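In structure tokens, the next block holds one chain alone, the form predicted alone.
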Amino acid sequence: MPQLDDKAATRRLLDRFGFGPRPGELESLSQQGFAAACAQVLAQRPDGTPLPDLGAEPPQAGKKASTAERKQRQKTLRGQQIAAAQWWLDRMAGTASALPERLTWFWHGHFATSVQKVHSARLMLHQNQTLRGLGGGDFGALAKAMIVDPAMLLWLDGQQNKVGAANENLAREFMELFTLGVGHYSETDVREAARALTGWMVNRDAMTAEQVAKRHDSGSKTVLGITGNLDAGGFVDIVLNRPDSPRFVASRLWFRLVSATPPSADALGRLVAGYGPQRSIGGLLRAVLAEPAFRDPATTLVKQPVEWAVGLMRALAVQPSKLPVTQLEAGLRGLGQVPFEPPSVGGWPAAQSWLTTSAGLARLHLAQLIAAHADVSHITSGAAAGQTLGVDTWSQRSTAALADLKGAELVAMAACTPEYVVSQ
């Protein structure tokens, strides 16, 4: 299997375990060699950036609320949602500790929760911080936090789940999409698991969730062959102890960080060994980097729109919140991806789904917006654009397309070439 050289592998590392290099970062990191670069990236921990103060959530509109009062409430919620998304984009684009943000982004797509149903940017940020704090450690701790996360409970109807009237939504998605995959549980398991998850209620003001005893089904349940008076934590333990779970988690991480082609059986075995009985995400990431496929030139990945846009802003040292907010949001919406708004509990699509004709036009408009707000006076050739964006070589077709362009126009066009849209 051919292998990328150390600099190209480090560029891939910054792409896949971050959002691409900031100015000078690739040259600095690649000088140490790939192994040292990996060690440095894996050692990154979340920076201390505080969460934004969005203010209080407006009270629910009562039955007698006027149209104006309802509109004002929606306006306030919308403003909080935009502020939360801007804050996260700023953090992704500006942080020197990119791996925790990339993992937060990965888990946001994995435990996909949308503000469109939760109707609270504050709860989405609360979940976001949980993903950041636990996303690089023990997957068991993360899974147990997510199954009783206030935003998740609202998103998957967990608050409606009570003794005598179990709602199966959260139990089903937890096994199918978050921990086991399709075909590894029965409908009886779903019904019994839903009983184990009964009784949880969300306090929006306090941003907490607690189990109310009188709403919880305290009877005996049997899930995946294990019987007992199960609750949320017991249910999670049973699911994560299944041999299918480590393979599922490792495969999902591989799919987003390495290749849309599943790992071989041998490679998957090594990934699961890295994950280990501790369910270590750090160990799994280390195993991913040790796989020859990570340095295989053929394992390219189409960047998701947010990854692409954040990468471009990092490369050009552009702060997202300095851009016209409506234009930035329109650009991401035109590309089909806005933070905190996954289209379904299954998360966002991947690969060729992002390469439609309409997406290409939206991508160019957003690249032009970003480039127009950057200092690109030093970028006077395709080679200079490649150095800025971390592209080693352009194809003949891209070289010809960039040949007569300069400044912002050159950078915007370069950012839309296959060499940049696809992580090489």
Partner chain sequence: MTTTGNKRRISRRGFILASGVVGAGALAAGATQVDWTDLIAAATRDPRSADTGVLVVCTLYGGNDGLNTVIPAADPAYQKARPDLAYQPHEVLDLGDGLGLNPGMKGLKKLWDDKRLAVVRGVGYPKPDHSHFRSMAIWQTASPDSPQPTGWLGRWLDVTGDDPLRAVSIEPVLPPLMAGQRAAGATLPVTGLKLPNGTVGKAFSLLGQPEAGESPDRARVARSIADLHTTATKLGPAVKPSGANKGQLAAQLDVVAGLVEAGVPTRAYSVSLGGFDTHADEKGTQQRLLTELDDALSAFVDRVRGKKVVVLVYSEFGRRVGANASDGTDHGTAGPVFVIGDGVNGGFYGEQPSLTDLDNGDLKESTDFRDVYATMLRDVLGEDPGKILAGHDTTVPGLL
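Numbering follows the first chain given and starts at 1. Quick caveat, the model's predicted, so the values are computed rather than measured.
Omitted from view is the form predicted in complex with the partner chain, to which the following refers.
Highlighted residues 334, 364 and 422: every one comes within 4.5 Å of the partner chain in the predicted bound form, counting any heavy atom. Shown without its partner, this chain lists 231, 189, 291, 173 as candidates; in the predicted bound form, only 173 has a non-hydrogen atom within 4.5 angstroms of the partner chain. For the options 209, 302, 224, 89, the residue carrying a heavy atom within 4.5 angstroms of the partner chain in the predicted bound form is 302. Using a 4.5 angstroms limit between non-hydrogen atoms, residue 398 touches the partner chain in the predicted bound form. Among heavy atoms of residue 377, none comes within 4.5 Å of the partner chain in the predicted bound form.
A residue is said to contact a partner when one of its heavy atoms sits within 4.5 Å of a partner heavy atom; residue 182 meets this definition for the partner chain in the predicted bound form. Using a 4.5 angstroms limit between non-hydrogen atoms, residue 155 touches the partner chain in the predicted bound form. Stretch-level contact analysis of 72-80, 173-181, 279-287, 245-253 against the partner chain in the predicted bound form, using heavy atoms and a 4.5 Å limit, identifies 173-181. Within 4.5 angstroms of the partner chain in the predicted bound form, the stretch 404-424 places a non-hydrogen atom from each of 404, 405, 409, 413, 416, 417, 418, 419, 421, 422, 424, taken in sequence order.
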